[in-house]
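What follows is a single chain, given as structure tokens, in the form predicted on its own.
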């Protein structure tokens, strides 16, 4: 079962990448693809579109999909709550505040916007950790409570800055960023986000057994020799880096981190360590397919969160209905 799952997920990833590189308003056929690969189309428009736009964008989307899904998987395990999403500690809200502040006060240049969004997300989670420590009590509950508080503060700041924004120029840019898009992503964004995501994912991969034990509860994990607090903090920081890095180049991408871990568990079972890697593969594939639809369905590109929210809501509804039918049957 698991070997077959690896095969189908790898095949899905390859197909998703291939479709993402060929489909779009500037259509590329199989003959064009062969000419590009063999060098016959070197220096032409289609070669430039393929290598510098489509492949670069697909790589960024794949990395972000894997990062968001993996972060959601880790958060759901850490907090023992299947409804936890990657922005549970306010990382998306903090990143949005940083990005909007950049658009509003510093011109919104792409490089500076990415840095501001990343810094905002990391700072918010740092404040959530400090606030939970100051509150005391249950670490897990207080972390979630701190994230809710800081998310509310971030939302208030977002609304205040949107109120201050120029409605003819800045407000449209802010709203579009909040809906998410990969339209401006290329190799520069890939080389900015990929090393951060790779390092964070590698640390989480090395800690995956400890994370698995943590899902049993803090007392059980401590009795098995796991240093609960350091593992939890390191895991939260790494998952936050995954989300903040992704959001910094794409804006807000909704539902991916919440739904993909559920999809993998529903289809492939509850093996935590195997699901760790399969969640990343599935997230990369599904976000690439969603991005392909976003830039292919209409003449103008659809913000990615419109599609991911719709797909996520439909999946969750279908999953709940399927589970009820299964129980009653």
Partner chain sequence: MLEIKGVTVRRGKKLVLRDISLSLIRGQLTGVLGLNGAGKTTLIHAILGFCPIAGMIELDGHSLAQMGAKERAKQMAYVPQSNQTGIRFSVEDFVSMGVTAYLGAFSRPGQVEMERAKAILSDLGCGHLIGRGMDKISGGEGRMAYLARAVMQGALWLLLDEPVASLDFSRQHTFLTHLREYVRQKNAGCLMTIHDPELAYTYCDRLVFLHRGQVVADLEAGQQTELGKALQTVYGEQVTMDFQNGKLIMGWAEKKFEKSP
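Bear in mind the structure is a predicted one, so any value in this text is a computation, not a measurement. Residue numbers count along the first chain shown, from 1.
The same protein also has a form predicted together with the partner chain, omitted here; what follows describes it.
Undergrad: Just to be sure I understand the contacts: of 207, 178, 78, 171, which is the one whose heavy atoms reach within 4.5 angstroms of the partner chain in the model of the complex?
TA: Exactly one listed residue reaches within 4.5 Å, namely 207.
Undergrad: Have a look at 216, 233, 199, 184 for me and say which one sits with a heavy atom within 4.5 Å of the partner chain in the model of the complex.
TA: Partner contact (heavy atom, 4.5 Å) among the options: 216.
Undergrad: Should residue 223 be counted as a contact of the partner chain in the model of the complex, where contact means heavy atoms within 4.5 Å?
TA: Residue 223: yes, in contact with the partner chain in the model of the complex.
Undergrad: So in the model of the complex, is the partner chain close enough to residue 162 to count as touching (4.5 Å, heavy atoms)?
TA: No, residue 162 is distant from the partner.
Undergrad: Of these, 267-275, 298-306, 22-30, 59-67, which stretch puts a heavy atom within 4.5 angstroms of the partner chain in the model of the complex?
TA: That would be stretch 267-275.
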